[in-house]
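Form predicted on its own, single chain, as structure tokens, below.
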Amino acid sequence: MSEQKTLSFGRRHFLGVSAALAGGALLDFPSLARSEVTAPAGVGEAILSPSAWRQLGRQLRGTLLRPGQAGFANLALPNNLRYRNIKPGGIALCANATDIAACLRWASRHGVPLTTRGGGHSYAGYSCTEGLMINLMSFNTAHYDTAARTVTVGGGIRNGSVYSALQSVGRSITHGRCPTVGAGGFLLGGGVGFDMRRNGIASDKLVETELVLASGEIVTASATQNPDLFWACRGGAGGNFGINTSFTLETFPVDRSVEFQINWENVTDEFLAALFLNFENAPNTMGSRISLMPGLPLPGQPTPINVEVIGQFIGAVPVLDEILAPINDITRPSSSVIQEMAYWSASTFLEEAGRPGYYQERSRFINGPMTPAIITEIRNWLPRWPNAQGAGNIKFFQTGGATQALSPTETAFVHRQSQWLASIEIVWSPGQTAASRDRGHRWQNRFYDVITPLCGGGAFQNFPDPNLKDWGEAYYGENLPRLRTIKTVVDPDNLFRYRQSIRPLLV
């Protein structure tokens, strides 16, 4: 028999909430200036009697929180504060899968929209609802199987708890940088990170997952059990097929890595071409994110473009220096940190806090290498950022390598031909004027419209974009018809729905 080890981590991590990003009411989110979005009235509280909510509470082993009760406001708050005014009528702190099944039957019977709240990081607010929010913070365990070298994590665990657990055994999975993101949503949408060029995206290593279906049935999905559903859970995004209560993944050994954070100012197009080319030709043991930002122009001078690169390299510092040398010969860094350290210490060093704020991202995969045409449009549009308040930038997450090992149809994650994942991001503050926010959104949308035809790829389902009109094809490409067929089997009445959820056939 395989030895199974229960991994422990601190109380801070046990407070994490994670699960598949699920949907609530079919909300019509505005594409432009509002800093905060409100759901249509009459979805949850107004149409349901208090006695119906009490009935649900009596069915649960866990706790049902209602507005005004202790802890409700914090649990209802999303990471993207643009959607903070969408408040649930109740939050079910489910203790087990039976509780989840009871919630699903109750919501179906009363016609109440629902969402599953994980880390609450849905870019488009799809983990918000005015109906029932199912919270999986009790599903937060992690078990490492020493013989199989797999880790099984609860559907309610956050990334930071997974990292802490794997650190104790010297293993890893492909992981992101933000510890407060829900591991379930991260995995179901594919899961990108610095290790993906050498080990594939996170869901490529998924062995099996347990789900509660819309009917309340609890099933296991793997290569041999419910294989179609297993296929859909590897990139089909959260909130579509059920509520995932656990995930089992293959792990890989880790030891030491070189972390790097480098900045260059006022770069040329020649520099940008060399930067992307050298990184594309780097070994698959290198993972990176390149951020391009408008700088402060000098009087009478054009707005400069500044660059920040962060990442990790599994190898020797001199080898990384050789990769960077042609780039640094063009423009010397304004600051540079390159150091070798223990793998998990490096990951902590590169960690992103992911604090709540107001933001929107619009993404596209670049199928193939960076092109002069894309660099030209970056030069045209990035300096046009119109506001002294807030910020606008474009980021490039390096893909390629092992992310291309599988064909686009082997899993639901279709984006297998890319070298880069581009994302145009804007952030703003609640005190910004409507006119200023509007200028920021219009800049983002026009920049996106120009660059999209040059990228050749779709949009990332884990960066949901409320402005997308062709979101189904953009997120899932040629896999969308099969995903809709699977949805028809496991959720024919479309209980799990949100504005960009996969619909059953004929719905």
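Given the structure is predicted, the values throughout are model-derived calculations rather than measurements. One-based numbering along the sequence shown.
Keep in mind the form predicted in complex with a small molecule is missing from the figure; the text below concerns it.
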query	finding
Residue (of 471, 448, 53, 463) lying close to the small molecule in the predicted bound form, criterion heavy atoms within 4.5 Å	463
The single option of 113, 160, 191, 236 touching the small molecule in the predicted bound form, heavy atom within 4.5 Å	191
Residue 176: touches the small molecule in the predicted bound form, heavy atom cutoff 4.5 angstroms	yes
Residue 365: touches the small molecule in the predicted bound form, heavy atom cutoff 4.5 angstroms	no
4.5 Å heavy atom contact, residue 94 and the small molecule in the predicted bound form	no
Residue 377 within 4.5 Å of the small molecule in the predicted bound form, heavy atoms	no
Answer range among 353 to 361, 271 to 279, 309 to 317, 224 to 232 for contact with the small molecule, defined in the predicted bound form as heavy atoms within 4.5 Å	353 to 361
